[in-house]
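Only one chain is given next, in structure tokens, and it is the form predicted alone.
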Amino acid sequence: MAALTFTLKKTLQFSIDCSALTPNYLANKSTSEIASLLILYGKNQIRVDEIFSVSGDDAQNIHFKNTSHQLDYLGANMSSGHMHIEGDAGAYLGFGLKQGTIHCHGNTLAFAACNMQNGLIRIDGNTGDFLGGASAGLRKGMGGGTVLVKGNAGDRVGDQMRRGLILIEGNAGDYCASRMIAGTIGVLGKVGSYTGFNMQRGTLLLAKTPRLNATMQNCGTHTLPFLSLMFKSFATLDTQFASISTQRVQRFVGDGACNGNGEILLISPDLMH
């Protein structure tokens, strides 16, 4: 069986809702049935084969080729299978992902991994605001799973994040870990202003000294043995975080403005090898 492949064949004027093009939704459908499906293009519906060339028959392995940032909701609510995006993706990549893997070889717009529950998302480029955050109207963001970002992330990473793991090898914008409920976020690059704003619980692992508000309290330098186990658990992931080996960190707690028990752990860059 060959991977089910969607090749974008025209320049898009509007965004496309690609939420129907997932392994679980396309299972047991023939290539002709998939080609005739209607998807939302702007305010209108259009057949899949008017936008994409469709080939292959393995719906558990979906490839998107020649993609652009106007392909929204790629991998939305996936519950099985694998998806490769050979280019950029639009907003809401992996929205509500329940299981499976998504690998985007380019950049994405905002709300990647929004409301994600499980599975793995890897983004080789940069991603926009609200990575792992909550969609409008919901009070909890990412609830599980793992997100790897090789580039930079925008503002509000992990906003209202409930569970899961986000590892960013580049920089993150303002309000990183804002309103965080639980989970773990790691950033090897710089973070912007208001880091940990209204952070309630959870762990923010940083390699560069952040500029923190007075409501984040410096608890000094500590030896935390659990860090060895955490870094060893990264060994199965394709991430620079797997090269960290230390139990010694500078620890901050807060946000004290909301009785937060969150923690920010600052590691030294020379502990990476």
Partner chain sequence: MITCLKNGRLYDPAQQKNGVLEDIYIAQGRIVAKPSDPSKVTKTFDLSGKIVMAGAIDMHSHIGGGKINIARMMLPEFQESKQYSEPEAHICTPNCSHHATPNTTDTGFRYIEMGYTAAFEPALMPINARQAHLEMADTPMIDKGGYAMLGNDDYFLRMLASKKDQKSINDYVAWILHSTQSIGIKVVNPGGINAFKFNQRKLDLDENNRHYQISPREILKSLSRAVHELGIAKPLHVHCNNLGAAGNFETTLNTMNASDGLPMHLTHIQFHSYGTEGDKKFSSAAAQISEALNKNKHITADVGQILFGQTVTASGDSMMQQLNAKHANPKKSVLMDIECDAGCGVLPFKYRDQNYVNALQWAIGLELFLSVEDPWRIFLTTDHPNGAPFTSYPHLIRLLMDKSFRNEAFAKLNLDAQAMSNLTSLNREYSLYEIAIMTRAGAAKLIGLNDRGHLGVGAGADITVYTDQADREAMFAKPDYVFKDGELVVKDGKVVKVVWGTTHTTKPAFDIRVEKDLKDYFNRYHTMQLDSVKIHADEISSDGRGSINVHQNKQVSH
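On a predicted model such as this, the values are computed, not experimentally measured, just so you know. Positions refer to the first chain, counted from 1.
There is another form of the same protein, the form predicted together with its partner chain; it is not shown, and what comes next is about it.
Of 23-31, 201-209, 235-243, 60-68, which is the one stretch near its partner chain in the predicted bound form, taking non-hydrogen atoms within 4.5 angstroms as near? Result of the contact check: 23-31.
query = Given that the partner is absent here, does Ser135 sit within 4.5 Å of its partner chain in the predicted bound form, heavy atoms only?
reply = Yes - in the predicted bound form, heavy atoms of Ser135 and its partner chain come within 4.5 Å of each other.
Please tell me whether any heavy atom belonging to Asp17 falls inside 4.5 Å of a heavy atom of its partner chain, as the geometry stands in the predicted bound form.
Contact with its partner chain, yes.
_Just checking whether Leu40 would be counted as a contact of its partner chain in the predicted bound form - the rule being heavy atoms within 4.5 angstroms._
Residue-level check for Leu40: yes, a contact with its partner chain.
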